Ligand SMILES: Cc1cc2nc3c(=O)[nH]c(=O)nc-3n(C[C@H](O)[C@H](O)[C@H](O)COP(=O)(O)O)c2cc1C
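Just one chain follows, in the form predicted on its own, and it is written as structure tokens.
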Amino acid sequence: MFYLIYISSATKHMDDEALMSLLEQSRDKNLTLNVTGMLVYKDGSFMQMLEGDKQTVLDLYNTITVDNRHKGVITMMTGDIKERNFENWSMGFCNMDKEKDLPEFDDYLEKNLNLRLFHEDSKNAYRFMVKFNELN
């Protein structure tokens, strides 16, 4: 099992309708590819973790990098894992602009007010994603 975490910036404001459309498309595609993961949106930035067969994840990521809904895609972390972290989610999602009460993540977000800052400490990004899954 392989995972990849990336961050990017939305090219335009993503309202609830646009985010839900993106999420539905991601879930449908991931189901057909047997990919699981988590997508987080905050202040115009995305962070996503994908997990599955290595080549499938890399091919999907290559498609994602040319999607015109975002720019500045940065690969934060990749690696092998023994089992899926998001086994039950073709794509979990959190709009952190809407979720104002997430005390479990205060320690991660205090230093990383913008998701793009996670690239300075990619291990925090991995812990953040896994912790979110454990709490839901």
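In case it trips you up, residue 1 is the first one in the sequence shown, and so on. Bear in mind the structure is a predicted one, so any value in this text is a computation, not a measurement.
One more form of this protein should be noted, the form predicted together with the ligand, which is absent from this view; the next part is about it.
Q: What is the one choice in Asn88, Asn34, Thr63, Gln55 with a heavy atom within 4.5 Å of the ligand in the model of the complex?
A: It is Thr63.
Q: Test of understanding: in the model of the complex, would Lys42 fall inside 4.5 Å of the ligand by heavy atoms?
A: Result no; Lys42 lies far from the ligand in the model of the complex.
Q: Please tell me whether any heavy atom belonging to Ala125 falls inside 4.5 Å of a heavy atom of the ligand, as the geometry stands in the model of the complex.
A: No, Ala125 sits far enough from the ligand in the model of the complex that none of its heavy atoms falls within 4.5 Å.
Q: Residue-level contact is defined here as any heavy atom of the residue lying within 4.5 Å of the ligand in the model of the complex; does Asp97 satisfy this criterion?
A: Contact with the ligand, no.
Q: Is Tyr3 close to the ligand in the model of the complex, meaning a heavy atom pair under 4.5 Å apart or at it?
A: Because no heavy atom of Tyr3 falls inside 4.5 Å of the ligand in the model of the complex, the answer is no.
Q: Out of 37-76, which residues reach within 4.5 Å of the ligand in the model of the complex, heavy atoms considered?
A: If the 4.5 Å heavy-atom criterion is applied to the ligand in the model of the complex, 37-76 yields Leu39, Phe46, Gln48, Leu50, Leu60, Thr63, Ile64, Asp67, Arg69, His70.
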